[in-house]
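The chain below stands alone, shown as structure tokens; this is the form predicted on its own.
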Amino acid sequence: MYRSISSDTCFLEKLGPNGVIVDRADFRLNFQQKLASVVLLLFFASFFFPFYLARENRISEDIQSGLLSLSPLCILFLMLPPLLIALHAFARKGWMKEVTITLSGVLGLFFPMMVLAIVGSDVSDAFGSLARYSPASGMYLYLTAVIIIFLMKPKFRLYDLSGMILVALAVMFVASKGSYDRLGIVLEGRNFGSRVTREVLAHIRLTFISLGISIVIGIPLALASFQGKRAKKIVFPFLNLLQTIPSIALFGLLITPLSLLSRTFPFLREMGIKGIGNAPAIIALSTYALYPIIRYSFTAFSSIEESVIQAAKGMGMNPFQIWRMVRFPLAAPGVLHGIRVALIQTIGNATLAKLIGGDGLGVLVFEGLGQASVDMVLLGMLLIIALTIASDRIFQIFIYLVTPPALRGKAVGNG
């Protein structure tokens, strides 16, 4: 059994058989031990799958290589993070658990990258100057285990960040020596050249135009829903209906009406509004971004305590002053969190713009699928993930800065 420890937090405490509350630290420790078991299982499974794939050229057949094809030193390095996690699972509370989990995470990132650098020269020597290689399922399982290690930590501390920065610097140094020149994702990036930068910028442009439109439409609709029950009964069922439409279907459904409009009104075609391209993509992305913005904003306005409003009225504020000085400042963190959710959602959905002739990183993903190039797909997905993480962190910092100090940590609508 579990119960909430307070009305201000979502953390749960476990109740023992006699109704005695188990300490939260013990609960977290038990949870970490379960995750450690999952991590060890993933590490163990990764050793039975191919660790990397090599090809004589871009179109030749893959040659799979497992863990045993690596040198004994590489095997020893790759075994060290699982051993540290096993030590973490059996260590008692204290600095030992913190050290082992941090080291296993950092080294779990470092050693696979170094193994790929070592493999690169071996592949080139064995298959010639056109050879290429890529991580295989075993390495992906291994890195999944490493990601879970970082998720096991209750807080991401400065020494964790320092360790990741050191790994990044080491990888950059090794890359500068040409050790990753035959890595498939590097070769695909070179083949695209400056086009990668153009598609990244196009993805950002699609995202922010769509997000801007959804903000302009969504916040007034949230206000109207908050102010009137009739508007609420119309807006939310409509939003729920939109969420049931698959994103690919919505992209496709817009082609016909926009094509008809562009033929009927030629000036729309001159403005770039036609059945295929970025116009239908922006409309679809804006539509999907409405839901989190309206939902979070409505919740933020509704969650302001009535006693605060009554106090403002008692001070002699008129309705306009109450909105400007009380409601909007208190609801702002919740509204911004809704925009943040919409931003992350839109970055992912913008990948589908390629299906209707739009720009963005979906070009890399779908061209890679069409050419059966896993490396090209991986390049596109990694860029999308990096863009998503960077946008999320930047927006979180922005929300923190604009939130009044008294409201930080318990802002209305915090997601």
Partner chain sequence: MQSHHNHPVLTDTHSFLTVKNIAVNYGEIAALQDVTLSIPANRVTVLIGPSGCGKSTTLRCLNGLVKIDGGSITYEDEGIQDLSETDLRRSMGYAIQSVGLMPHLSVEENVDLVPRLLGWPKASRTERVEKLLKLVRLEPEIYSKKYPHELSGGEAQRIGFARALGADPPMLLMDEPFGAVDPLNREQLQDEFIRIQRQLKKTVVFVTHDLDEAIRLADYLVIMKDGKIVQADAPERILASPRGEFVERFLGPDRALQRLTLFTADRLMEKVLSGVEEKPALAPDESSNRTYWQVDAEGKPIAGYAWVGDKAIRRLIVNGTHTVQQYSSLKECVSKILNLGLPSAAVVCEEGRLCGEVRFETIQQISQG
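What you are looking at is a predicted structure, and each value in this text was computed from that prediction instead of being measured. Residue numbers count along the first chain shown, from 1.
As for the form predicted together with its partner chain, it is not shown, yet the points below apply to it.
Contact check at 4.5 Å (heavy atoms) against its partner chain in the predicted complex: none of Ala86, Ile101 and Gly163 pass. Interface membership of Lys232, defined by any non-hydrogen atom within 4.5 Å of its partner chain in the predicted complex, is ruled out.
Within 4.5 Å of any heavy atom of its partner chain in the predicted complex lies no heavy atom of Leu201. Contact check for Gly189: every heavy atom lies farther than 4.5 Å from its partner chain in the predicted complex. In the predicted complex, at least one heavy atom of Lys313 sits within 4.5 Å of a heavy atom of its partner chain. Site annotation in the predicted complex: the residue of Met114, Met317, Met79, Ile219 reaching within 4.5 Å of its partner chain with a heavy atom is Met317. With the partner removed from view, the residue among Ser176, Asn240, Thr256, Gln321 that has a non-hydrogen atom within 4.5 Å of its partner chain in the predicted complex turns out to be Gln321.
You can rule out all but one of 327 to 335, 340 to 348, 101 to 109, 224 to 232: in the predicted complex, only 327 to 335 has residues with a heavy atom within 4.5 Å of its partner chain.
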